[in-house]
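The chain below stands alone, shown as structure tokens; this is the form predicted on its own.
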Amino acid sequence: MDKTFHIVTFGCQMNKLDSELLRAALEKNGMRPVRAPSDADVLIYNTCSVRQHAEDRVLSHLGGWRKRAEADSDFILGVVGCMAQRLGDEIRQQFPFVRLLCGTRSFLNVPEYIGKISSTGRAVTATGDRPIRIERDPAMRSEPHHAYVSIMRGCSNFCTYCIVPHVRGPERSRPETEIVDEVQRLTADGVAEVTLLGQNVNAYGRHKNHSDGAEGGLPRLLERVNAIENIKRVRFVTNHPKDMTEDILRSVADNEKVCEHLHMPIQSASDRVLKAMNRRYTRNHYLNTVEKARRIIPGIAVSSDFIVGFPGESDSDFEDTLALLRSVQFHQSYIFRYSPRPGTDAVQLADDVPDQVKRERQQALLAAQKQVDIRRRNGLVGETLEVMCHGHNTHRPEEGRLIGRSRRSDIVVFDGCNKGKINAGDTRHVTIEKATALTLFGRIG
């Protein structure tokens, strides 16, 4: 197809990877990417439904294309991913000029659907539930030194606030050998670091009927990826506290390329709220898991997610969460206000925490985390860290400094001008000289 395309991506790392896979599929079918949405014959929005705000942003974008879509019969406006899966033709009822709706389990067939739209002039809706067969072009990635690798898709947890299981389907693990082969091809193309992705990554290989070739679980997969010759770093997200086992923790400790960083969302520190969320662990279980992780992997960084204002969350419930954030000293926290998602069990509960209270609780957690960040990062001044270079510091390119990440995922800006050429993916030992709440600054030792 002699058409140009542009993809706009909203949401998580999984969506970013899906966009890379979709771009590869489109290019394989002869289409050419363009930088500006306005230059594209085919404009595709890859969408997120986790929060209402994410959906509202997409809807606002779609409205902006009404004039062109109604005037240009060759222009194809498409919505793929979670919103298309959740809302289906509801999107087209509001925006009848949207010509392609494709869900989370059909998006790699988009080239076929574009061909049908072009030849027939009729819109296409595809929100089936067949599993995706991932075919990865190793050159198709957003960073030269890093790549996301999907090791499983879907989620079977059904937390009451979360739409993901409804739009991405049940957990399905990819075969271990297929993942290892993909990482080998990526490293042959220059990738130095991979992040293994799954909505519930530590459940890899555990779900019945959808785990052929993944029976060794996450520990064996980490061991095999760690053994790949040219890989320098391995990360994995996101972890569910109920599925974090000692075997996984020991695998992190035993495999030197696996980074000492664990993203394990708690969401709330109130047992009552956790039960209402259907998280299937308690505050004490979470704290014990963190203690075990720090004992098995000295110096491990633990980060988390929090939701404030879940239905029925009292002042006391929130104070429990605030106290836990301060005591655990998280490496990083992502803090969100609860918003009801149609189709989830929690939507049946009264959204009884006023929005102003949600905002105040969010700000209180953010302020507490900032204090933790400042204290922890100031404590790193004088330390020497292994930093992987990502490239030049784009925020202040005139200074000629480089930016990268430590093994524990701290952002580090460092001076490397007098140390020879340093490429993205190269690692250096950097002595930290200064710290802010968000960033470390240092010099190659």
Ligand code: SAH
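No experiment lies behind these values; they were computed from the predicted model shown. So that there is no doubt, residue numbering starts at 1 and follows the sequence shown.
Keep in mind that the form predicted in complex with the ligand is missing from the display, and what follows is about it.
Trainee: Choose one stretch from 89 to 97, 143 to 151, 330 to 338, 370 to 378: the one whose residues place a heavy atom within 4.5 angstroms of the ligand in the predicted complex.
Mentor: Among the listed stretches, the partner-contacting one is 330 to 338.
Trainee: Counting any non-hydrogen atom inside 4.5 Å, which residue from 311, 111, 265, 138 sits next to the ligand in the predicted complex?
Mentor: It is 265.
Trainee: Among the candidate residues 107, 318, 306, 286, which is the single one with a non-hydrogen atom no more than 4.5 Å from the ligand in the predicted complex?
Mentor: Selected residue: 306.
Trainee: With heavy atoms only and a cut-off of 4.5 Å, decide whether residue 50 touches the ligand in the predicted complex.
Mentor: Residue 50 belongs to the contact set for the ligand.
Trainee: Taking the ligand as it sits in the predicted complex, is residue 279 near enough to touch it, meaning that at least one heavy atom pair lies within 4.5 angstroms?
Mentor: Heavy-atom contact with the ligand at 4.5 Å: present for residue 279.
Trainee: Do residue 162 and the ligand share at least one heavy atom pair within 4.5 Å in the predicted complex?
Mentor: Residue 162 belongs to the contact set for the ligand.
Trainee: Examine residue 226 and determine whether its closest non-hydrogen atom to the ligand in the predicted complex is within 4.5 angstroms.
Mentor: No.
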